[in-house]
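Just one chain is shown here, as structure tokens, and it is the form predicted alone.
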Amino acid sequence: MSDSVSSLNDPSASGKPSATREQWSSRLVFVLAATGSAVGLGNIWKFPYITGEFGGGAFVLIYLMCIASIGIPIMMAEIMLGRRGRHDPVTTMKKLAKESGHSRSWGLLGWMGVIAGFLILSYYSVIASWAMAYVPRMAAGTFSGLDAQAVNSVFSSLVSSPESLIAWHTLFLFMTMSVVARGVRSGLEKAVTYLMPLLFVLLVVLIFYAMGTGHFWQGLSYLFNPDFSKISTEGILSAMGHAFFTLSLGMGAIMVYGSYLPDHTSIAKASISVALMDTLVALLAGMIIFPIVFANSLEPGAGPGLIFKTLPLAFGHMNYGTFFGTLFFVLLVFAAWTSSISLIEPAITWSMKTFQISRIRAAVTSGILVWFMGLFTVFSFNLASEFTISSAISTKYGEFVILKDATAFDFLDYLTSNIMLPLGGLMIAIYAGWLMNKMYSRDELNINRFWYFIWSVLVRYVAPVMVIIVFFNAMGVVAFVRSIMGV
């Protein structure tokens, strides 16, 4: 299949770079694709449990404010850079830096995104494979009637078996690469056109199931009734961090997807649509999970084990739990799948450009490398679970612990989520807000003066400061400073 379905060799009057590049067929398809990239395990797995940990409705309200002040402005900036460059993240940043008279070293920003997406997929595939492994187990009624100890035993037996994890990891990566190998129109676009509507259908079906638990209104009240007495500094910082990470910012995926966006498509409208749909999925997931949790007298702030331990226990004791539990994990697999195809796309486009190879060959090569890298995560739960990394910095105020007993999985997650992605988002905001020629950014965003001013203030001042705080919090600096100050 040819990788060129539309030509963009008509530079704009502003001197816009030209390139021959595949394009999404419509804004709706781009929104579905970008939403698919954003919607993943974080929406259905992480958002409900951190909402539970920090008091429900008040956390949701702060999270929405953070989406508006961090997520949307940086997403607009990343899409804008991608569409203007029309290449992989590395080439895009080099071209745009040259266009605006800055150092080509900005290509390192693109590199960081490519590497981050590659590393994230290596362990994301393993975690997603847990959801895949739970589908046949749930369908077979494995969890029916089990107590908490027995449910935990099912999970432990899964992660302690390297052979099982490798098999599921291999299957998930094959599914991912089979999509990206087919290109934008035949692969990415076709996949999200079917998968995203199916994901929303599954959400709606499960919402109706949650309504029948007898605790639906209790779940809604917990999710949407603000209780600001339960909000802490940690909760605010968590809302800021999740608002940034949930939209897949800073890893090059949105930049690449933006490079396929037609010139006439509104970046602002597309970004807002993606943020709204991503948030909707997270809220719907909470509306499904909390009634089920309350119906079984379980703890809503159960932490990371909520999906793989708490919910299987609940489904195992509910009417029609086997069927709807199976649907829930199918939903989780779909969400993970749409995210994974965006994670590897920056590496695919870079490989095609750099080595002048076909998309299929780039996909196969990248898939094999990611598969091998994923073995570090697989073994960190079993054969190499005792191999850990600890790191700390000693100061006159005491020891500043960075990593403690971290497995290979913990280290990769820490490196990408706490360092690479926040730095990537910060550099995108700095370049788009401070260094990019205003004529070019206005040309791409195509919004009136008032909204351009609002975006400029957010992307130049508000978003960078908040991302730095997120970065420092993730690194433990905020807690360290608070301990010094006695706060």
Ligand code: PHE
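Just so you know, these numbers come straight off a predicted model, no measurement behind them. Quick note: we count residues from 1 along the sequence shown, nothing fancier. What we label the rigid core is the largest C-alpha set whose atoms superpose within 1.5 Å from one form to the other.
The same protein also has a form predicted in complex with phenylalanine (PHE), omitted here; what follows describes it.
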The stretch from 198 to 206, 268 to 276, 82 to 90, 249 to 257 that lies within 4.5 Å of phenylalanine (PHE) in the predicted bound form, judged by heavy atoms, is 249 to 257
Quick one: 176, 180 and 349 and phenylalanine (PHE) in the predicted bound form, is every residue within 4.5 Å by at least one heavy atom? no
Considering phenylalanine (PHE) in the predicted bound form, which of 328, 290, 124, 134 comes within 4.5 Å of it through any heavy atom? 124
Residue within 4.5 Å of phenylalanine (PHE) in the predicted bound form by heavy atom, from 377, 339, 238, 310, is 339
Is residue 429 one of the residues lying within 4.5 Å of phenylalanine (PHE) in the predicted bound form, judged by heavy atom distances? no
I'd like to check something about residue 56: if you look in the predicted bound form, is any of its heavy atoms closer than or equal to 4.5 Å to a heavy atom of phenylalanine (PHE)? no
Examine residue 370 and determine whether its closest non-hydrogen atom to phenylalanine (PHE) in the predicted bound form is within 4.5 angstroms. no
4.5 angstroms heavy atom contact with phenylalanine (PHE) in the predicted bound form for residue 32: no
Aligning on the rigid core, do we see the C-alpha of residue 455 shift 2 angstroms or more between the shown form and the other one? no
Aligning on the core only, does the CA of residue 172 end up 2 angstroms or more away between the shown form and the other one? no
Look at residue 431 and decide if its Cα position differs by 2 Å or more between the shown form and the other one after superposing on the rigid core. no
